[in-house]
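Read the single chain below, which is given as structure tokens and is the form predicted alone.
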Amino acid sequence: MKLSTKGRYAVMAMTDLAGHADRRAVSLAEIAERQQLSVAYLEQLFARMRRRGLVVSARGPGGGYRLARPAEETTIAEVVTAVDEPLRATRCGGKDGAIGCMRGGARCLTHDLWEETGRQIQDYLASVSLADVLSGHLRREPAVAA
């Protein structure tokens, strides 16, 4: 699975916003400077995230963006999917990978492996909040087999 710059930059920008939005709106120019990203690119990403209800905007002097919910309640999976980033590890097409990647629409031998990998990634990103990223609490103890 490859996460494009769209998803990675959205997570970087939202984490920055979560860390700097104490009492005021944060401008995209500030985020762009701190994260070394393009303001124009951030405008596109934040428009999508605003439509999905992840951020709210304020116009005028002192304007910018704020998180729509606390950082503890905003998951990385929500950020990535808000910018239309698919979280699939297979190369299959159609709705939910219904059409296989082989000739005639058949699924390859490793389809189930990659499909489950994608599910695991989705589940992990859904379990991590912006607050987790800010605090550095990302490592999860592996489950102990019985």
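Note that residue numbering follows the sequence shown and begins at 1. Only a predicted model underlies this, so the values are computations on that prediction, with no experimental measurement involved.
The form predicted in complex with the DNA exists for this protein as well; it is not shown, and the discussion that follows is about that form.
In the predicted complex, do 35, 69 and 77 all reach within 4.5 Å of the DNA through at least one heavy atom apiece? Spot residues vs the DNA: no contact at all.
Do residue 50 and the DNA come within 4.5 Å of each other in the predicted complex, heavy atoms counted? Answer yes; at least one heavy atom of residue 50 falls within 4.5 Å of the DNA in the predicted complex.
Contact test in the predicted complex: residue 43 vs the DNA, heavy atoms, 4.5 Å: Residue 43 belongs to the contact set for the DNA.
Spell out, yes or no, whether the shortest heavy atom distance between residue 63 and the DNA in the predicted complex is within 4.5 Å. Yes - in the predicted complex, heavy atoms of residue 63 and the DNA come within 4.5 Å of each other.
Is there a heavy atom of residue 27 lying 4.5 Å or less from a heavy atom of the DNA in the predicted complex? Close contact exists here: in the predicted complex, residue 27 approaches the DNA to within 4.5 Å, heavy atoms only.
Under a 4.5 angstroms heavy atom criterion, identify the one residue in 58, 113, 121, 108 near the DNA in the predicted complex. By the 4.5 Å heavy-atom cutoff, the listed residue in contact is 58.
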